[in-house]
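Starting off, we have a lone chain in the form predicted on its own, written out as structure tokens.
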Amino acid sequence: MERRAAAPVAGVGLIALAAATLPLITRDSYYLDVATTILMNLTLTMSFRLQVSTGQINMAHISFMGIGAYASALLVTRVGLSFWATLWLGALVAALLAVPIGSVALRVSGPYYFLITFAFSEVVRLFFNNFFEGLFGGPSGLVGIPKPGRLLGLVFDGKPALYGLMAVLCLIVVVALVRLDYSRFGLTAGAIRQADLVAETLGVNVFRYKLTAFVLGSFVAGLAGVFFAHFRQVLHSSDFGLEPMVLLVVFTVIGGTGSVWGPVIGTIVMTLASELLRELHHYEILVFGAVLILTMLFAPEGLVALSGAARRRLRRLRGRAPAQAGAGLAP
């Protein structure tokens, strides 16, 4: 029990230490860019894993990131609000839209849920791309999005400052979602993922739990989207299309959906791999697809479970060695 209680503290502490150490090691803009992208992806994958924890793969998750991004960009550029206000307003818009979408999609399961969320994702992408071009930028994209600006005398316009902001946001999300996963909500969500009908017969309101995870995950995705818009300063509908959604699924599944730490490992490993494969960008999705297939074949529980599997294998080998030695000494 003590080990279970110490695990989230140690994990969060390790992420915080790594995030705080990087700026002390290097100020190179490229490495800070990559690290900021890792933290942004980590925020997104952990929110996606929250939804997966109830047994549902939401193919529209990347769309709620886009909704938060476009909402914040428009509120800043057209209405004149501050980034610090739209940071939460953009995420709130994504969460509010997630309520009716989730209420409809979660009434079904399996391929029907997949198709509904996928269809919504395509509708959102086409809406940003083809409608109200004067507002959303159309195929050319939305440009001229300002950086966050000042807060309490601090200026957030350089790479180190933006990295620090993303690190703080990511740590807030990690602490909240890890705490949620180790709470009664997380245990109930795991039970729903394994056998939702059994959980319902025991009195669990399965729909309410699934909708709560759907809306909370969409809120965090919107939060990541707001930062993405003001970090990149340009938005295109393709940023929230099928390919980034597939990559999000790959990051999460390769890391392991059975543990809250799976997305951490998957995001770090695969984001670094993406940078190494930058020259092979057109083949990147094929490489990741192959890695996903191999992971499902040889490590179905994800990279996060490899250490445990290795320890169990060593214990079996150690137990087998004395048994064989004893058999050899028998008359």
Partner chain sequence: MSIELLVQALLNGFGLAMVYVLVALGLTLIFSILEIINFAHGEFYMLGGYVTYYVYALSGLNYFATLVLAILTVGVAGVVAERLIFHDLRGKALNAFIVSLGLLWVMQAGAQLAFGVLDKPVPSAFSGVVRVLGLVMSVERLVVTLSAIVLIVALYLFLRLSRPGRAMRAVAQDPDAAALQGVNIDAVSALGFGVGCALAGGAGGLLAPLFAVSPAMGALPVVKAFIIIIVGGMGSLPGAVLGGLLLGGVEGLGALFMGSAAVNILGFLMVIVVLLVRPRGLVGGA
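Positions refer to the first chain, counted from 1. Owing to the predicted nature of the structure, the values given are computational and were not obtained by experimental measurement.
The same protein has a further form, the form predicted together with its partner chain, not shown here; the description that follows concerns it.
K.L.:
Its partner chain isn't shown here, but in the predicted bound form which of 303, 34, 40, 292 has a heavy atom within 4.5 Å of it?
P.N.:
Looking at the other structure, the residue within range turns out to be 292.
K.L.:
Can you pick the one in 85, 123, 155, 143 that has a heavy atom within 4.5 Å of its partner chain in the predicted bound form?
P.N.:
Residue within 4.5 Å of the partner: 123.
K.L.:
Can residue 253 be called a contact residue for its partner chain in the predicted bound form at 4.5 Å between heavy atoms?
P.N.:
Heavy-atom contact with its partner chain at 4.5 Å: present for residue 253.
K.L.:
Is residue 131 close to its partner chain in the predicted bound form, meaning a heavy atom pair under 4.5 Å apart or at it?
P.N.:
Yes, residue 131 lies within 4.5 Å of its partner chain in the predicted bound form.
K.L.:
Even though the partner isn't displayed, in the predicted bound form is residue 147 close enough to its partner chain, meaning a heavy atom within 4.5 Å?
P.N.:
It does not: once its partner chain is placed as it appears in the predicted bound form, residue 147 has no heavy atom within 4.5 Å of it.
K.L.:
Are any of the heavy atoms in residue 116 no more than 4.5 Å from a heavy atom of its partner chain in the predicted bound form?
P.N.:
Yes, residue 116 lies within 4.5 Å of its partner chain in the predicted bound form.
K.L.:
Would all three of 107, 246 and 257 be in contact with its partner chain in the predicted bound form, where contact means some heavy atom lies within 4.5 Å?
P.N.:
Yes, each of 107, 246 and 257 comes within 4.5 Å of its partner chain in the predicted bound form.
K.L.:
Heavy atoms, 4.5 Å, its partner chain in the predicted bound form: which of 53 to 61, 26 to 34, 66 to 74, 259 to 267 makes the cut? Say which one.
P.N.:
That would be stretch 53 to 61.
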